[in-house]
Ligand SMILES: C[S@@+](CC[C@H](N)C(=O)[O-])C[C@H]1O[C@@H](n2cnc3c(N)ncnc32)[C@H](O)[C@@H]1O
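The chain below stands alone and is given as structure tokens, in the form predicted on its own.
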């Protein structure tokens, strides 16, 4: 077994969405990481083995946690192939295990990310074929080993994806609606709202319930990867099953029922929602409400998410509530004019029926923020899924 870069340095890299860097850094610090430094589209950090497993299991903000195997100058596909073959891939794979590669290339002699990944894949399978006469299979949907290749300015880094794939895939999304919010973005929005269960949280455009599910997971301290079936660190040559079982057992034991999480839910006197609903949502779409009910069913304490079909115009309003939502915008609604009209009406609803509340509204199209007719306390750009969105906070007096 060779010694790899992450073993020598205890250095790792976490990928996250632009705008969520401070959330990610705070999360890493809280989970015990050290030497946290910002990088391009992510954060570098140090962690021992136990802390590393805990980060992968609990992180809500990061989409990938990468363990670097090797960093090298890479000016051609031939050198990429040769260097990749210098790694003993039997440390990570057997012929019965599958693998996949994500690759990203920028400002380098190798210009095509897909081609770079293909060269990298050939180096791995050719090594096995030369040694055994057989090769492991690629599985892009559910691989046993997910590898990451990153080349920037002719400097390459080969890493193991410790989550075994994007960590935004929590495992609770049984049903979806058009343009669902990515789970890591929803978690960042909940964190930026500074909501800790001290008062009710409601999403009046809840869609398939991603914000609601992330609020429940945070409030009940449910590890973000609680439902995950595979982890990439299981394929590391120095994987320690005893340490992993201890980490997972401890994290699961620290989950709490929502009645114990923070302050007790205050009594909510409004006809539109059940009393004692700490986390609730509504949507005009029947399909959306069905999706929320299907998705929440996978989570512990799922019954604490209350949802109903309702047009926000028909809600009686809210008091002393945190409103967190992602209203339909041009891409989802079909036209920007319709989104503009809806936002103006929603702004009137907030002004007239939600005094004493705080609203956190995420716009997938940042230009729509001014259509609400309310002045935000602050704005936070958040880029996710190819959208240059923005989160705005509104105090409603």
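Positions refer to the first chain, counted from 1. What you see is a predicted model, and the numbers here were worked out from it, not measured in a lab.
Another form, the form predicted in complex with the ligand, is not on view; read the next lines as being about it.
Interface residue among 225, 192, 125, 181 relative to the ligand in the predicted bound form, by the heavy atom within 4.5 Å criterion: 181. None of 108, 102, 285, 83 but one reaches within 4.5 angstroms of the ligand in the predicted bound form through a heavy atom, and that residue is 285. From the list 128-136, 206-214, 144-152, 158-166, the contact stretch for the ligand in the predicted bound form under a 4.5 Å heavy atom rule is 206-214. For residue 342, a non-hydrogen atom is located within 4.5 Å of the ligand in the predicted bound form, even though that partner is not displayed. Interface membership of residue 313, defined by any non-hydrogen atom within 4.5 Å of the ligand in the predicted bound form, is confirmed. Using a 4.5 angstroms threshold between heavy atoms, residue 300 stays clear of the ligand in the predicted bound form.
The ligand is not drawn, but in the predicted bound form it has a heavy atom within 4.5 Å of residue 328.
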